[in-house]
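The chain that follows stands alone, in the form predicted on its own, written as structure tokens.
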């Protein structure tokens, strides 16, 4: 059993690292900046994490694991592929609304860093695509999506649209706010999933 005080200190250092990485960028900041943000001694950061890189790895892996678990739960609970993808989009967009700094770090410093951290975590990133692909494969079997759909490409396109929206919010290229949340989610679903359904799928939904 972990010591509650130890867990709290570790969590405080991780939270401080998220704020510093989001504010200054991973490469521009130092471990001492994170220690100052967390209001702990410099050496205590190294007690829990051997390097700045280990901090970023931990932030990504812990949060990405939460998202993968959410996708699995959504896949098991929602009745149709369209509703599943809508729920996944909602989960990710809501994560940004609640924790914008955390999502900024994950998007900017990891998943878009193809030559560094992104390359180190291709298996985890690919797992998200695979889970979304399984949803689409089942949709093909049920006639919800065109039979000739390239499932892997479609899964990457779906997540890519979501990531681009997050990037637009992060850099102020898209309007962000409560009134834009549902509209943006709906646009993402219509752009990707409705395009995969074809005319027959659209007619089926209209008559449902």
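Just so we're clear, the structure is a prediction, and the values are computed from it rather than from any experiment. Positions refer to the first chain, counted from 1.
What follows is about the form predicted together with the DNA, which we do not show.
Contact with the DNA in the model of the complex holds for none of 141, 148 and 195, as no heavy atom of theirs lies within 4.5 Å. None of 59, 176, 31, 67 but one reaches within 4.5 angstroms of the DNA in the model of the complex through a heavy atom, and that residue is 31. The stretch in contact with the DNA in the model of the complex, judged by heavy atoms within 4.5 Å, is 43 to 51, chosen from 163 to 171, 43 to 51, 177 to 185, 148 to 156. Residue 23 falls outside the set of residues with a heavy atom inside 4.5 Å of the DNA in the model of the complex. Not displayed here, the DNA is approached by residue 9 to within 4.5 Å at the level of heavy atoms in the model of the complex.
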